[in-house]
Ligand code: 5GP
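Here you get one chain, nothing else, as structure tokens; it is the form predicted on its own.
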Amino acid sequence: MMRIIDELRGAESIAISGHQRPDGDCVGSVMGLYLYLKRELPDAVIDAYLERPADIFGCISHIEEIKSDFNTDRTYDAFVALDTVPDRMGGAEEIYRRARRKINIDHHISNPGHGDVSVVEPERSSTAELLYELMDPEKIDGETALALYVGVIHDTGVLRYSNTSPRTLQIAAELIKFGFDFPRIIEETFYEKTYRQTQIMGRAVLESMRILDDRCIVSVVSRRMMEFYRAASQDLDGIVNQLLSVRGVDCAIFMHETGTLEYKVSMRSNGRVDVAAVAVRFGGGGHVRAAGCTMNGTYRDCINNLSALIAEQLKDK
């Protein structure tokens, strides 16, 4: 397997980015690589670009150095795209396009690969796990380890989703050897919710509905509801997983309104539905059990279009 440092040695400027609305794996991977390269290539200019991460990731060292303003004329020698495809990078996409050398590292099955060097391994639990394999373990320090650990636990549901492999557990064990307070990190970044988050989650669950012989559950949060609770998109994390925990449900759909007749869709499955295949049909992507997309139309139209594809899969099973 290649070493990421070998692909970047000689580059005087390097940009790193991930996808819009960055989750734990995206933030952990971007910051893990950023911290690793800052140590290994001290003479290079290294910049990390992301939409502003949620406050819960404040435990990651130097996270305040992430650039959330994408207005730059710099042409980087290399750009490392993590956990994403170009059209999901948002403001960083143009910076990626201008870069002289493009490297893609991802674990999403919907990613066909892009750039000059592409490492896409869908069997990996997370991009953070894959990044660990591309680093020299003897050159990883505690700050990098903590960032990668955040990525691993968020994309594995704290090592309880089916994408957790024996290798995932081995890597997690190697990371916690650095001695950081991993129980606190799990609690504060994965489980702990603000009162506002708890309120809007309760509302979303209360107003959910079951369809397709009760095997699918759907909930929608409107912009008006978001305004009522003074909630941001980050406050919606965890709702779709909560919906999937309902007994008898094979697939959960959570939608929130992002614009006029525009919805951000998150889907989760227990394995009986390939939600990545559904998301791809609407320009999204993800994994068999976790995927998302953006859809246009009324929420009823969106639900009807999604449920028609889900129903086909459930009928086959």
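From 1 onward, residues are counted along the sequence shown. Only a predicted model underlies this, so the values are computations on that prediction, with no experimental measurement involved.
This next part talks about the form predicted in complex with the named molecule, which is not shown.
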{"property": "The unique member of Ile253, Ala48, Leu37, Ala291 whose heavy atoms fall within 4.5 Å of the named molecule in the predicted bound form", "result": "Ala291"}
{"property": "Residue among Arg215, His108, His114, Arg101 with a heavy atom within 4.5 Å of the named molecule in the predicted bound form", "result": "His108"}
{"property": "Proximity to the named molecule in the predicted bound form (heavy atom, within 4.5 Å), stretch among 279-287, 48-56, 61-69, 27-35", "result": "279-287"}
{"property": "Arg88, heavy atom within 4.5 angstroms of the named molecule in the predicted bound form", "result": "yes"}
{"property": "Exercise: Ser269 in contact with the named molecule in the predicted bound form, heavy atom 4.5 Å", "result": "no"}
{"property": "Within 1-33, the residues that have a heavy atom no more than 4.5 Å from the named molecule in the predicted bound form", "result": "His19"}
